[in-house]
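Next up is one chain by itself, shown in structure tokens, the form predicted alone.
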Amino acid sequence: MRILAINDVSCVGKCSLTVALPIISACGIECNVLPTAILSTHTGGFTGYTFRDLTDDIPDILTHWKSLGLKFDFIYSGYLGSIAQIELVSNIKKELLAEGGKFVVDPVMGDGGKLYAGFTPEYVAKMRALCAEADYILPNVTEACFLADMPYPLTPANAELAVRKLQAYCPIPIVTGVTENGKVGVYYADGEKVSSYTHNNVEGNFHGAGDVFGAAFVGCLANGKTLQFTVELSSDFASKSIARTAREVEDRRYGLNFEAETFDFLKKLNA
């Protein structure tokens, strides 16, 4: 089993590939990486960070991989900094996903009801097209609203409608971060059914929480777990990591203390 994780590398501040690589590897699955950019830190709460776009490096990397005959059982994409990178990932899926493999897209493009700086309606349209090629998509509430063309925020009352609209693009959408009345939930489609799974909400911003969920989600799927088991265990892992971070970490810019919750997560994965 071989997974390709496509995302940025934030050298400090746990998110993106520095979360995906250890979590997927801990699940007992080979995790290969394709960096889309390298940053000194992530952009949430830090100033003065460095940023290098790696778009021009990707074609040569792919040429080398093709010469080795590489194929991947899962391709898992996250932050893509431009329309050009979205198009590259679409081609990677077509050329390097193994027969019967799965394509998981985390359409990273916004939070708090707004797109990230530099992203446009044209970018949203391209990301929507990429989601149409995926087997699973993992949008947060903001991203789900942009993809489904619905007003922000989603609540439990309209989250099912959002999931149904997203099914027009992808058979299995999983929407994270639906909050109301002190609860936070994941809403997802499983065939004709829309299901949800909730925890107590912890107030505050927790950088990298979606990446912890996404990496665990891919790791569970790659271990052959059912969708319900995968959603619930990944949600538990992210929720417990958030709660521990709220208790123990003074400067939350540096990411979740997911490491301390990994052993319990793996025990349940391998039970």
Ligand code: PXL
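What you see is a predicted model; the values in this text were computed from it and never measured. All residue numbers refer to positions in the sequence shown, first residue = 1.
Another form exists, predicted together with the named molecule; not displayed. Remarks below refer to it.
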query	finding
In the model of the complex, segment of 226 to 234, 241 to 249, 59 to 67, 35 to 43 with a heavy atom within 4.5 Å of the named molecule	35 to 43
In the model of the complex, residue 103 touching the named molecule (heavy atom, 4.5 Å)	no
Contact test in the model of the complex: residue 152 vs the named molecule, heavy atoms, 4.5 Å	no
Touches the named molecule in the model of the complex: residue 79 (any heavy atom, 4.5 Å)	yes
Contact of residue 108 with the named molecule in the model of the complex (heavy atom, 4.5 Å)	yes
Heavy atom contacts to the named molecule in the model of the complex at 4.5 Å, residues of 8 to 22 in sequence order	8, 10, 15, 16
